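A single chain, nothing else alongside it, follows as structure tokens in the form predicted on its own.
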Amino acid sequence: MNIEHVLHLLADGEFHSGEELGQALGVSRTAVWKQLQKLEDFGICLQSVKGQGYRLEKGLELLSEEGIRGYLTPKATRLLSKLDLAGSIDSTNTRALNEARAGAGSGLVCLAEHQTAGRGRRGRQWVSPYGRNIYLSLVWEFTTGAAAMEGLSLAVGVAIVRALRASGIEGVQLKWPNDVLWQERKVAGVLLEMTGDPAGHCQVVIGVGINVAMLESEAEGIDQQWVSLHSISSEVSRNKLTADLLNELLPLLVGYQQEGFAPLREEWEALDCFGEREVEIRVGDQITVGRVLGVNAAGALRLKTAEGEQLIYGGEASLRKSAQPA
């Protein structure tokens, strides 16, 4: 018995007594209790009521390969080379990078129910409670090295918005270069990492995190405004949304390989939550203030400043609303 066996029994959100859990698992109530004590390590809040037993608030929809593949389009199925579904691991991006270095090519998808060392941009932790969100990393091969990453995070953002619409979520916007927002609260993010030749054949790992059913009690450590999809619509399914994301992302990457970001530029600008607004861009200790004019064909931010139009590229840039005039 391990903790994941217990979680599968508790996933329905109903109360289960220690005796009932023990009988189902073929162990003593004491053994069950010891496993339940480990739930905190998974970022899981367990309710315990005397005379009723234990339950997970609002339950869990656990991912399954069958559940995901059942929603995939034929095209996405052809482009998906492998679906690697894990329980608790350090990071899906780390796992995907290791697979890429070992020879995995385009179409490998790594998913996990829980991450102990999930990563966001600039070294931030990506809070990853068990079974609440989507933690997905996709390997894709390119022949142009680091140049392939110009505009890629923006392209992935467009795919995420399309997938959310397919799952019934409207009103989603994008924040340059890689955040997905709903009413200016973060609902998803993108992290790109590369292995291979920086000037030639390489594999890019596209990491996507989407907040689906995360509870306030599970989100300690998040230092910005955030939102879970279930606060917008309780009908969102993690399995369907994962498939919707792959249905959009896999074909989009085929087109991106051939044409780059340019064909997606107009769609991205229509989703830009800071379009025509005053912002400040931070790169290290340097702050640039200006009005957002959109992005160029490579995905660089076009900023109108007191010195004229400037192009801002990725890296350590951070976008914030500014109270200063441009």
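Not measured: the values here are computed from a predicted model. Don't overthink the numbering: it's just position in the shown sequence, from 1.
Omitted here: the form predicted in complex with a small molecule. The next part is about that form.
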{"item": "Which of 227 to 235, 251 to 259, 200 to 208, 146 to 154 sits within 4.5 Å of the small molecule in the predicted complex, heavy atom basis", "value": "200 to 208"}
{"item": "All of R119, W126 and L191 with a heavy atom within 4.5 Å of the small molecule in the predicted complex", "value": "yes"}
{"item": "Contact residue in the predicted complex, chosen from K186, R162, K175, K240 - any heavy atom within 4.5 Å of the small molecule", "value": "K186"}
{"item": "Heavy atom within 4.5 Å of the small molecule in the predicted complex - residue from D179, E99, D84, E141", "value": "D179"}
{"item": "4.5 Å heavy atom contact, S167 to the small molecule in the predicted complex", "value": "no"}
{"item": "Exercise: A213 in contact with the small molecule in the predicted complex, heavy atom 4.5 Å", "value": "no"}
{"item": "Q115 within 4.5 Å of the small molecule in the predicted complex, heavy atoms", "value": "yes"}
{"item": "The small molecule contact at L136 in the predicted complex, heavy atom, 4.5 Å", "value": "yes"}
